[in-house]
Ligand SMILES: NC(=O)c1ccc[n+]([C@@H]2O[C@H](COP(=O)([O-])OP(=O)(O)OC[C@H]3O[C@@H](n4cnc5c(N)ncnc54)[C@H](OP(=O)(O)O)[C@@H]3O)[C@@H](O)[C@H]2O)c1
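Take a look at this single chain, the form predicted on its own, given in structure tokens.
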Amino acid sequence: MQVWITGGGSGIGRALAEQLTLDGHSVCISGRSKEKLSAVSPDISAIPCDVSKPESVQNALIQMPPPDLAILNAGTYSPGPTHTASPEEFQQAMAVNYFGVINCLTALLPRMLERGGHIAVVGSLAGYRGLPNASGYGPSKAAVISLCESMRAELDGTGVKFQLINPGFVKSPLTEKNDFEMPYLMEAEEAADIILRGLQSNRFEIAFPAPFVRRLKFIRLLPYRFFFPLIQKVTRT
């Protein structure tokens, strides 16, 4: 199987690429950092790509065999209160996390609709509800979740398998930016194992870790009069 993974130079993307290669698949990774890409195993093909630029995505796809599985994992994250962030930081979050997915989908889908294929998009549990100090990242992932729900319905019966991956906290250069205790923090290799099992299933959403997912899905159902006091209590302790 030919696999393409964006954001493959570190974190979940790198762990997935290494495991899929060990399993005998042909893997190509992409990312903006040539340094990170070059540090990955030489058995894994690497093509620099900035998913926020449609022409860069198209150029990357031209250089690789048509992927049977595409894992759209590229992302960016800048935590902090809204009043300290610049408009450019919010624009960058949407450009990479949301429009980066759009750019990849519009390039991939015409080919996959002709011959079939499998697309998995990495969102985040942070997209379930608005959380303090995540006003750039959270909305971009909420947009990804909504997009994937739309795409899943559109692609039903087309021969293109479509899945959404919503991880919790996974050790990576992005989560290293956090200055708070992250519940259920897991290694990238553990996350990759869960994702790979999920990709073999017919579930639309691959969300983990399970205890954290249950908590956040419950919080997602709460009315605002309960939600805001609970979030304030949790984030101030």
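Just count from 1 along the sequence shown to find any residue number. What you see is a predicted model; the values in this text were computed from it and never measured.
Another form, the form predicted in complex with the ligand, is not on view; read the next lines as being about it.
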**Message:** Just to be sure I understand the contacts: of 119, 122, 93, 148, which is the one whose heavy atoms reach within 4.5 angstroms of the ligand in the predicted complex?
**Reply:** 122
**Prompt:** Out of 175, 41, 63, 26, which one falls within 4.5 Å of the ligand in the predicted complex, going by heavy atoms?
**Reply:** 175
**Request:** Check whether residue 198 has any heavy atom within 4.5 Å of a heavy atom of the ligand in the predicted complex, and answer yes or no.
**Result:** no
**Message:** I'd like to check something about residue 45: if you look in the predicted complex, is any of its heavy atoms closer than or equal to 4.5 Å to a heavy atom of the ligand?
**Reply:** no
**Prompt:** Taking heavy atoms only, is residue 73 within 4.5 angstroms of the ligand in the predicted complex?
**Reply:** yes
**Message:** I'd like to check something about residue 67: if you look in the predicted complex, is any of its heavy atoms closer than or equal to 4.5 Å to a heavy atom of the ligand?
**Reply:** no
**Request:** Could you list which residues of 131 to 152 come within 4.5 Å of the ligand in the predicted complex, counting heavy atoms only?
**Result:** 137, 141
